[in-house]
Every structure is written in C-alpha cells, then in structure tokens.
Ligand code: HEC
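Just one chain is shown here, as structure tokens, and it is the form predicted alone.
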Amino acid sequence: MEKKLYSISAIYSNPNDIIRAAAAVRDAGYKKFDIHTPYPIHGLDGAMGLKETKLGFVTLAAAIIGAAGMISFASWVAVVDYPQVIGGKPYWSWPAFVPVTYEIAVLLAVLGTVGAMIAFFFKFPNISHPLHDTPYMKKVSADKFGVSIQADDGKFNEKVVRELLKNTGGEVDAVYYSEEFLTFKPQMFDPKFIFLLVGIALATSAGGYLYWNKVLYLPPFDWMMQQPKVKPQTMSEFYADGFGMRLPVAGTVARGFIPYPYALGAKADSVGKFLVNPLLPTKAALDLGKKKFFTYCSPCHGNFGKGDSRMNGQFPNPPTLHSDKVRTWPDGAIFHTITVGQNVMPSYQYQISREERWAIVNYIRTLQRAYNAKESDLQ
C-alpha cells in the first residue's frame, strides 16, 4: 500500500530556533501547521500568528445556560411549587439564589468546556493521529522542538516546504498516515460505544438507587431514622387526630426554666420592689454586663446610656438612663423593663438570659455613678 503524506516536519534543538522557524512558516503564508515543544514557550503563539480560540464562547454559553437554568428553577420552587414566607421576605428573594446560581454557572461552564474539548475539538472517541508514535513526536516530547506543515495546506509544495524548513536550520523529515488512521471510522455512534454508555448509565443509576433507597435503610445506617420521635410537619399515628406537631399543655414549663412572674402590663415602679439583684457587682459581672449592654442596649441608649441613639432617627430616641427617675428606680424596675419592654422598646427576655439582664443592671448602675459622682467618690 502506497504511503500517504501527512506533513513535512523539522526538528530543532533550542527554543530560539523554533520561534524563528514558526515566524518563517507564518510569513510564508502557511495556515495548516503546528508547533510541538516539551514545555510552554513564551511568545510562541504570536510567532505562529494564532487567533484566539473559540473555546471561550463555549464556556460563556454553558455558564449562561447554567445560571439561567438555576435561577429559573429556584424561582419556580420558591414562588410556585413550595412558597414560604421566611423572615418576612418576599417569595422571590433573589439574593438567596445568588450563591447557588453562581456555583451552577461555574459547574456548567467547566463541564461544557471539557465536553466541547473532548467531543468537538479533540473529536473523541477518535484518539488516533498521524503524529502518534512517530520518531518526530518522541523527540518533541522529550527535549527537542518541532514544526509540522500539513500536506493539505493550500500552499503546500513538498520541495518548497523542505527547502524552507532546511533554511531555518531544522532536521527535515516526512510524516505519513498510518494504516490505522486511514482505516479508522468514527465510533461516536458505533453500537458497541452506545451500549457501553448505556451500560455505564444504568449501572450508575442502579447503584445510586440501591444506595440511597435501600442500603441507607439497613442496619446500622438506619439508626438516625428509627428514633422514638415526632418529626415536624409529618403525620403521627401516636395521636388520635394524626397531627405530629402539638401545642404544649397549658402551664407547661420547660425543664431548667423559671418563668417570669410579671406580665407586660405590670408597672416597673410596683414590680421593682419585689425583685432583688442576685449578682454582686464584681469585675466579672460588670464585664459581662458591659458586653451585653454594648450589644443590645447601646444602639438606642448610646455607649454611655445618655439616650444618644446611633439609629439615625429610625426609631424615637429613648430617655437617658441618668435621669432622676431611672437613678432612683430599684434594680428590679430596670430588670423588669429589660425583660418585658416598654413603649417601643421590645422584650429581651428571649435574647438575654436572666443572669445577663442582672449583669446589665449592675453595669447601668456603674454608668450612673460615673456620671453622677459624689464628692466622696472623687476622694
């Protein structure tokens, strides 16, 4: 069988020679040629006159499809399929969709880029190439540099090409098509290849189904599901009405919790005399009170309790904590106000523990004494 010429190649020994050879081939007007080096060489793409790859457009298109698909799916779930009010936000609260949309866009961009490279740019599953296993490829994969001008180039003339490469100082040789390459047929739609893909898909699906629906329900993996408990928003056969979520029995008190005996309507002046501060104003108690005061109280009352709110008029400024009324209040009155709230001030009994509220009272007393010091305090 007569050999069919694929290209004329040339081997060089150093990077400077291959850059000059690439520029000479480019200036000669050849379009179908390639350069092979054992490592990347700066400036080689410019010497070859390469244009920007179209692969970036594939990446962009895949990313746009991924982002649009994810934002559409999240919007459909949040607005149509399972709408819920979370924290008073609207159903379509787009900031919550941004992180997962970004991740899916990146994922689709990567998968789309790799898939396009394999299927279209590399023509998978065709893994054969005329340069494979040739002396030329073995040299340029080790320590040499090479240029290969293909025979199907419009300007190709074997004699002229050989002369050109010889003048650039290259070791010129010819590369021929192998019999394997000439007889190769595309296998993308080959029945064996299709059956292989289908088999892999079925095996993966079956394995995933068995693992997630069977294996995880077998001992010892089922111990988290076989607990004597009632799950939220589920039916329960234990109760006659079938509801799993139930209101606590009237008067129920959680273990370790002491309910506050005074209601919101109780006046601080009348309640305060019945509440006694159990905390001594030690350094640890004052440090705790200062920390909690700065966190919960200072945004409205100011860092020193003078009523200079940092809320910029969003709420009415509270009164100063240094007034005669507050200074003459018993500790229990301040504790009651922190616990149940007053006017626009909300209750803090669920945000601040009982001990922390008393610690805040101690710290307020420290601020009051600092701003209303007696002559004996200064001696």
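Keep in mind that what you see is a predicted model, and the values were worked out from it rather than measured. Note that residue numbering follows the sequence shown and begins at 1.
Keep in mind the form predicted in complex with this ligand is missing from the figure; the text below concerns it.
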Checking a candidate spot here: are Gly56, Ala67 and Gly115 all in contact with this ligand in the predicted complex (at least one heavy atom each within 4.5 Å)? no
Using a 4.5 Å heavy atom cut-off, which of 35 to 43, 344 to 352, 59 to 67, 22 to 30 contacts this ligand in the predicted complex? 344 to 352
Proximity to this ligand in the predicted complex, single hit among Ile149, Leu165, Cys297, Val175 (heavy atom within 4.5 Å): Cys297
Considering non-hydrogen atoms and a 4.5 Å limit, does this ligand approach Pro316 in the predicted complex? yes
Heavy atom of Ala47 within 4.5 Å of this ligand in the predicted complex: no
Is there a heavy atom of Arg310 no more than 4.5 Å from a heavy atom of this ligand in the predicted complex? no
4.5 angstroms heavy atom contact with this ligand in the predicted complex for Leu321: yes
Let me know which residues along 326 to 343 have a heavy atom within 4.5 Å of this ligand in the predicted complex, or say none if there are none. Val326, Trp329, Ile334, Thr337, Ile338, Gln342, Asn343
